[in-house]
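Coming up is one lone chain in C-alpha cells, specifically the form predicted on its own.
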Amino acid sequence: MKAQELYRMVSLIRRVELKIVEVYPGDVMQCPVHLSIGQEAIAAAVCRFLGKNDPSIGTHRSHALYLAKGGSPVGLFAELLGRINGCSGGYGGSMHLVDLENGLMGTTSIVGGALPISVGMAMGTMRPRIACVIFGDGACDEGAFYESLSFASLKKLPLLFVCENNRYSVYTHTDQRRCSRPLRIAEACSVRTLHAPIDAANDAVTLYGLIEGEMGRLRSGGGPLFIECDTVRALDHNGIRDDIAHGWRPAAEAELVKRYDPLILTGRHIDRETREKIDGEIRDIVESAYASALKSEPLNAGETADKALFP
C-alpha cells in the first residue's frame, strides 16, 4: 500500500505540472513557473514523514512540496491563474505558495532565503514535531546556508534539511561553483548527513526506506539532519522550455532524465494494472481541478490590495 501511495503522489505532481506545460503557452498563467518534473520523488517520499503539525518551507521550485504536503491541486492551479481561491489568495503565484492547514508555512523566491526562516521555525517547534526545509543546490552557495547549518547544529534543533541537488544553478554546473558537496559542509558543522544517489533519490519507495531510520532519530532529539538527494531537472530553470534541446545544458542530461524518471522508477514497485488505474484516476482529478480553478473568480489585484492596505 505504501508503494501505491508514493506512486500516486509522484503521478499527481507529474500530471499537475504537465497540465501547466500544456496551458502555459496560451498566457492564461501570467506568473513565472519553476517546474519539478524529474525531481518529484524527493518531496513525495520526504513528506510522507511530515504531519500537519510539522512546519515546512520551500523555495521557488515548490509545486511538488505543496502537493506532497497535502495541498489541493485546485488551490495550486487557482494561484497560478491569479484567482481569489488560490492557495495564496492569487497574490503569490508559483513561487509563493502557502497552506497553513497542512503545515506549509510558505515558499520563497529568494535563493537561500528559506534556510534561516526554517531555523526560526525549528526554534519554535517542540519535539516530537520537527521543521523541514527543502531547497536546491544553488542555495548552498549562499552565506545563509552555512549560518543556518551552524546554528541548527549548535542548538540541536529538530530541523530536516533536504537538498535537491540537480547540479545546476540555472545553467551553471556545480563543478564551476563549488569545491565539494553541500553534504560536506553539513558534516563540517557536525550535522548528521545522509546521501541519496540519483537511483535512490528519484525512486520514492527506495528513498522512503533509506531515510526512515534517520527520521526517528530526528524526532527523538538527535539534532538536525541533512539529506542530499541527487536528481535531475527535466526542463528549463524557469518556464516550460526544453533547455537541453536548446543547448543550455549538455545532451547527456537528457539521458539522465530518461534513465532516472521518478514515475518509472517508483512505478517498478507496483504492478502495471495498478499503475494504469492510479494514472487514470490522477488524470481525472487534475483535469477536474484545472477546470474548477479556471472557472473561479479572478483576483482584482488593485481593488483587493487597496482594501487590504486601507480598510
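Just so it is clear, the structure is predicted and the values come from calculations on it, not from any experiment. Numbers follow the displayed sequence, beginning with 1.
Another form, the form predicted together with a small molecule, is not on view; read the next lines as being about it.
With the small molecule left out here, work out from 210-218, 168-176, 189-197, 75-83 which stretch has heavy atoms within 4.5 Å of it in the model of the complex. Within 4.5 Å of the partner lies stretch 168-176.
Do residue 100 and the small molecule share at least one heavy atom pair within 4.5 Å in the model of the complex? Output for residue 100 is no: heavy atoms all beyond 4.5 Å of the small molecule.
Taking 4.5 angstroms as the cut-off for heavy atoms, does residue 158 touch the small molecule in the model of the complex? Outside the cut-off, so no.
Would residue 110 show up as a contact with the small molecule in the model of the complex if we use heavy atoms at 4.5 Å? Result yes; residue 110 sits at the interface with the small molecule in the model of the complex.
If you check in the model of the complex, is residue 142 within 4.5 Å of the small molecule, heavy atoms only? Yes, residue 142 sits close enough to the small molecule in the model of the complex that at least one of its heavy atoms falls within 4.5 Å.
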